[in-house]
Ligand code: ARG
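Here we start with a single chain on its own, the form predicted on its own, put down as structure tokens.
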Amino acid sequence: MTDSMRFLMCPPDHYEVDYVINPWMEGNIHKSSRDRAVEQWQKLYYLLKDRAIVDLVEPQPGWPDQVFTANAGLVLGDQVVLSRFLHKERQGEEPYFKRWFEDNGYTVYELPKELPFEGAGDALLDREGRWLWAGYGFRSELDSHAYIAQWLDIEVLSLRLIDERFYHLDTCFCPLSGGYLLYYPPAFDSYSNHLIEMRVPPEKRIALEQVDANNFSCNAVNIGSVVVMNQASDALTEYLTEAGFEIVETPLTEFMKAGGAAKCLTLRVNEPIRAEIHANVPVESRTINMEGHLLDAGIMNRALDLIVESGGSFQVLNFQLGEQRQSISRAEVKVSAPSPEVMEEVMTQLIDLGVVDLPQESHDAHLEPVTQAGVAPQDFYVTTIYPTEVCINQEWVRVQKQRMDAAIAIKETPTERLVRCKLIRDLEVGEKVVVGVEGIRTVRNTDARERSSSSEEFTFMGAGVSSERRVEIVVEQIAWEMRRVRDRGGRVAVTAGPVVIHTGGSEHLSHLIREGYVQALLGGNAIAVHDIEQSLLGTSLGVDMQRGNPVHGGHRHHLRAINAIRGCGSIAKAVDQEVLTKGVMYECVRNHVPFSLAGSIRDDGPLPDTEMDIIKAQQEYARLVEGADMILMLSTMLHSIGVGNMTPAGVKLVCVDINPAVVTKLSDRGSVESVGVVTDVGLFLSLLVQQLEQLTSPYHVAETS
């Protein structure tokens, strides 16, 4: 017997699966055998008693899970942090465990009542006593870790659990003597796995396969070189044996029906203290506020879900619900994260939602100089599509030229201060760049709910993908908005791929340009080539557009079209020389609609108008998109994504493609004024022209009078 080890257990006199509070309990209510459970518990009890001291706490009727003493609390030396159970089904155990600890001379610490923490089920000491691994995500809250670190004066490493089957840390994580670790990596998020790998060398990490994880091989009791567990595969047994451990298997299947095994049934109550180890917890907390239609616009739920999904935790400190439908609500929320890196990621995403830090004594943005042209400082803030403000010298300043995936550059002169979004490649020495997330906020309309119900707005837009809804209805609303934009002198930009030509959409897009619905055309070399091929030779990719049949020698037609334009010197000159007399590019030239053709490595020719310098092409795209009220993205994935990235919020986006993945990609930008339509682009353009012709407007009347 090892006198230095002491465990607390509770006889299973009242054990039963009476309810469901974890996935293992599902389907097992009242299906556990009391006799078999007693037999299995006693085998474990005597196995441990042969090797350590085992104390017993008296079981209480009505609390069937009291048998799982690992959840009684967390012990270090003569101190214990008492558990605060998440579920009411276990909360009644707390006073009985508290009495046992007090009767046995422990100093008991109690967490706030609304802060869940489930003891050694979610807090496991490194067997060398160097630090405490603490889990959170299902039963324990991250904010409890700061209390534990302070009370027990130990470094706490926070691990986030993401698989509901492994709801407690001890179900998927088992520190062993000698610095070894038995664990199941898929139970943790990427940050936690990285933290584990940083602290435990690879030769000491024993990653379980799923079969062993499902058998609760991690839910083991380690006494010196002995590891007691429910079951181990041959491979795991061999590995542990080679590492110097003795595996002792004892079936605990009756307790697995409730989601526990050997470790859950025990609590070590004499964990030694290392005097040289002191508190250190990287948990960071910040307080933010949210303002707007938090409930009916879904902002509150999205923000709280985002915090948890990003690896953080939250506490709602204050919530003021708007009294009337038009009233705004306000919330004050404490956000916690296990590290500065995770906190910055959480805060970045909250900023994207329009959530900002509460005012502090100083909340100016952190600025660092650009020391090398085209290179941003480390940890620079990456912009989004939403209007952004930066706090400089205690004053909020609007960022100009808003776009996503850029840096915020500040350039000061004796007469002005320029604050604008700039691509990394365009940064100049002498400018300063915002780093981190302090002093940044995005501006979101709090009346978005009212706008979405207004007949004067783009009402069908909901950042969704429209595949099942009737395309005709969507097209009717798009046509209405395009007519409205044109009549007030607004701008519609179109980015289009060659599929527009292949599907018979050329005549319809030409009509839109001719009738003043398009103010800029963006595309690649291909759309212009195939449009010109059709105009000159009646084919697209060598296929007769009237009959739908390949033409003999037609595979050369696109080269003949390129050659013809190159002979003229440009598309505009081909129109002037009456070589090109119809089509999309012809209408652009005749109606003074600017276009930009961005080249690529696969382009034939290319046309003399195609810009083969991709940097210059991007700059021209950005120039033509600036000030647009609406953008039609027609069957061109790369060009659509590129245009979307340089477009700020507030611009109405319509992405049309037969491939749902393309429209989903654009919808994922998060703009509330975007929609994806999954349909044939030729059909879409045909329906759009039909709808526009059915509309009347002052523009049309003035034109014909």
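From a predicted model like this one, the values you see are computed outputs, not experimental measurements. Whichever C-alpha set is largest while still superposing within 1.5 Å between the two forms counts as the rigid core. One-based numbering along the sequence shown.
Below: the form predicted together with ligand ARG, not depicted.
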In the model of the complex, L695 touching ligand ARG (heavy atom, 4.5 Å) | no
Would V346 count as a contact of ligand ARG in the model of the complex, using a 4.5 angstroms cut-off between non-hydrogen atoms?
-> no
Even though ligand ARG is not shown here, does A258 get within 4.5 Å of it in the model of the complex, heavy atoms only?
-> yes
Heavy atom to heavy atom, is Q690 within 4.5 Å of ligand ARG in the model of the complex?
-> no
Taking ligand ARG in the model of the complex as the reference, which of F314, Y183, Y167, F101 has a non-hydrogen atom within 4.5 Å?
-> Y167
Exactly one of H557, R160, K422, R90 comes within 4.5 Å of ligand ARG in the model of the complex through a heavy atom, and that residue is R90
In the model of the complex, do V485, V625 and T647 all reach within 4.5 Å of ligand ARG through at least one heavy atom apiece?
-> no
Choose from 632 to 640, 29 to 37, 652 to 660, 61 to 69 the stretch whose residues reach within 4.5 Å of ligand ARG in the model of the complex, heavy atoms counted.
-> 61 to 69
Residues within 4.5 Å of ligand ARG in the model of the complex, restricted to 19 to 33 and counted by heavy atom | I21, N22, M25
Per-residue C-alpha change between this form and the one not shown, D122, threshold 2 Å, rigid core fit = yes
Taking the rigid core as the superposition reference, indicate whether the CA of E431 shifts 2 angstroms or more between this form and the one not shown.
-> no
Using a rigid core alignment, state whether the CA of R90 is displaced by 2 Å or more between this form and the one not shown.
-> yes
